[in-house]
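Just one chain follows, in the form predicted alone, and it is written as structure tokens.
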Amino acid sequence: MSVDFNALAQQFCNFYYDQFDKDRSQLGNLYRDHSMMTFESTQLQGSRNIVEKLVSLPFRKVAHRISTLDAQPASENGDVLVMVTGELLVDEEQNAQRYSQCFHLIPESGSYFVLNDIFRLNYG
């Protein structure tokens, strides 16, 4: 069975960013208790801590625009490594902020969860 990693990554990112932009509090089901996130320089572990961080971000409205998306297998077990670059528009700001985000997706019961998530704003 061959997996189209780019299509899988595109589908995941579309879902993730759509949910993030609509209601960040609903992202918890994508993480597990052993999942890790590095948000800028802050490291968090566990679904609840990750969602608390995302919900506490100081903006109400956000829109993600993906510029590049790359994916490749991360192990023989079906893991997928996803690297995203893009732009964020927050609240009423006119100038987008560039970001990079890396996801390590682990297969589970016909779906995937996020084991590792690294997010960075990119300053010019």
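Everything numeric here is computed off the predicted structure, so don't read it as measured data. Start at 1 with the first residue shown and count on from there.
From this point on, the text means the form predicted in complex with another copy of the chain, which you will not see here.
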### Summary
Counting only non-hydrogen atoms, the one stretch of 74 to 82, 55 to 63, 22 to 30, 88 to 96 within 4.5 angstroms of another copy of the chain in the predicted complex is 74 to 82
#### Entry: 4.5 angstroms heavy atom contact with another copy of the chain in the predicted complex for residue 49
no
### Task
Check whether residue 115 has any heavy atom within 4.5 Å of a heavy atom of another copy of the chain in the predicted complex, and answer yes or no.
yes
#### Entry: 4.5 Å heavy atom contact, residue 11 to another copy of the chain in the predicted complex
no
### Query
Would residue 100 count as touching another copy of the chain in the predicted complex under a 4.5 Å heavy atom rule?
yes
### Summary
Within 43 to 71, the residues having any heavy atom within 4.5 Å of another copy of the chain in the predicted complex are 43, 68, 70, 71
